[in-house]
Every structure is written in C-alpha cells, then in structure tokens.
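We begin with a single chain expressed as structure tokens, specifically the form predicted on its own.
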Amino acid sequence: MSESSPMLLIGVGTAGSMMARGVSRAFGEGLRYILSDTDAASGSGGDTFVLIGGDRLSGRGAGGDIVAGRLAAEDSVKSFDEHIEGVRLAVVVTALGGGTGGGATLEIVKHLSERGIPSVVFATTPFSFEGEDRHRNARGIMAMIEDVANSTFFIQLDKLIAGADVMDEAMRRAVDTVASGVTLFWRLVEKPGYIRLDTERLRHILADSGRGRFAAVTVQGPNRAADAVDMLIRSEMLAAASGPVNTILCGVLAGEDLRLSEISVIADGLRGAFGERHAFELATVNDEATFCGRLSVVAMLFESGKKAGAENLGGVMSGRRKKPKGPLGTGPTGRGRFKNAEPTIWNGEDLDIPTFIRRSINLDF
C-alpha cells in the first residue's frame, strides 16, 4: 500500500470494508486504504485496520444500533489521525441502515472535515424489502452526512445487483459495481493518461459538488464509444434524482488504441444527454497491458452544489440545503446550539435538528 498517495480510501463497517477490499482488488498494488469497523473480525487479512469503539463495544460490533455506532466512532475518531497525514482527498465507502455504517460514517467524515480534508462518500442504501426501520435510519443519516461531506453518492442496493436473484451473487455484483466506479475514479488521478486530472483539480471539482450519481460500463467492438454512451444514458444509476445536473465528470479507461474520435463521441454524447451548458471534465487512463480493444467509461453527475443551492432562495432546494438563520443558528453539523450535547437519536434521526431540516423540506420565506 502506498503511504505517499494524496488520496485515501476508507471502508466503514462490514459492508464498507468489503467494498474497499473490492476496490483494492480491482485497482491492484499501490492503493492507499484503511478499513474501520466496530467488529474486530473485519480486521483480519493483514489490511490496515482501525477498530472503532473497542473500549465501549469490545470488538463485538454495534448490533445494528446507530447510536452505538456513532458513540463508538466518537470514542475512536482520533485513531484515524496517524493514517490521514498528508491526505488531500478522502473517499469513504459505507452502507447505511445498520449500526456502524449508519452511525460511524458521520463522525469519521466530520473528523476529516475538521482536519481540512475534503471527502467523497459512496454509500449504499437498503434493499427495498429490508423494512421501514432500516430505510428510515438511512434517510435520517443521509441528510446529516450531506451537511459535512463535500460530495455524496447514495446508491440503492436494488440498482446494483443487475437482476441477480441468488443472494450471494447479488451481493457480489453490488460490491463489484461500486468497486468498478470507485476504482476508475481512483485511476484517473493515480494513473493518468493523455488527458490528466490531478488531485488538486479533483479537490476543486468536488469542493461543493453536493449529491451525485455515477455509472460505469465496459464495452468492446467497432462502435464501442457510441455503445458506452448509450448504456450510460439508459443506466438506472444515472436516472433523474432530486435536482438538476450542475457538473459532469467523465473518465475513460482504454489501451493504446483509443482514438480521438471516440473521446469526442463520448464527450458529445454525455453533454447532449445530460446538459450542454454544464461544467464538463474529462480524463483518460491508458492501460495498454489489459485494455487494448476494450473501453471503460465512468460518468459522474453532480447536482447543484452548496453555493448554487444557497442562492436558490424560495424555490425547491437541490444539492445541499440552505441553512436557515435565526435563533436556531444551525452550524456546520446542522445541530446548532445542540452541537456540543449528546445527540437525541430516535429511529436513526437526530431529534435535536428541526424536522424540516432533517426531512429536507423547503420553507418559502
């Protein structure tokens, strides 16, 4: 594992650790990553591991309790400091709805923010059949994560399984789908090709990008560029969400046979499908050894960022929510005057935060 990379991958919870390992397998040697969990068993295998809440939970896990996961992270968050030295951008992968992912992710991202490290969060949300309690837990924590993370990708597990019916295969596909997108995202910086995207440029793009959607496809054949665009346009992963697209980030992984005309087809196709006038960034990765004849494309669509959202007074807010002014005085964590008090969590929601903020309800003043 490279300790000099300016980017760090953090897997939170059992599912987040699985996804981080999937990214590591797909990327190969040189990926800088750590795993973190309340369950000590997640640390087996020789990976760099941070046990969360060891004194509180004794390494036995959070038992699906978000409050326990969050308090455990508060106990242990400084344990991450030795691993984040020199980090310029952190990518966090996690699963919401359970105890550790739902509770600890927020505290870890807050800690990164306090250390001046921008964060991008890739989080899965529960299957539709998992019950309202887990969905309510996920919804409640999503709003709080958006308050402190720079960019967020919330992905329904139903969309990741690609029609798989056997549970083992479905979970493997879910992990592989997230890993493919995060890996190509990583390669854009770590293994640049003809068109570069360095860490500082990525930090600037993601500074206030808000909520995003992503999809990754791999194609081959004489019309591979057009086929890739068509598959991305039709992808459920890029289906319309809560707000308009503000920025498009596109990465292309190919071999030495990549043609300039193919880059044009991809760029023009994505612009035409998702908005001609939006900010558009494209980078390539060259991998002659394994990708000759094939083409992988990842598209990331970001909704209106914090600044754009803050200026959208009186309308339906997209991206990050406008922070109301007044006696509540909501601060950077959205908890206002309760920021130093023990959170009052019920069914995954922080009751110290006004309902209209927790539920992302816009008030027309």
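Residue numbers here begin at 1 and follow the sequence given. Predicted model, so just to flag it, every value in this text is computed and none were measured.
The protein also exists as the form predicted in complex with a small molecule; that form is not presented, and the subsequent description refers to it.
In the model of the complex, residue 24 stays away from the small molecule, with no heavy atom inside 4.5 Å.
The small molecule in the model of the complex is not approached by residue 269, whose heavy atoms all lie more than 4.5 angstroms from it. Taking the partner from the other structure, the small molecule in the model of the complex has a heavy atom within 4.5 Å of a heavy atom of residue 15. With a 4.5 Å cutoff on heavy atoms, residue 88 does not count as touching the small molecule in the model of the complex; it lies far away.
Contact annotation: of the candidates 251, 98, 181, 212, the single residue with a non-hydrogen atom within 4.5 angstroms of the small molecule in the model of the complex is 98. Taking a 4.5 Å heavy atom cutoff to the small molecule in the model of the complex, the contact residue among 140, 126, 118, 193 is 126. Looking at 170 to 178, 146 to 154, 227 to 235, 75 to 83, the stretch with residues near the small molecule in the model of the complex, meaning non-hydrogen atoms within 4.5 angstroms, turns out to be 170 to 178.
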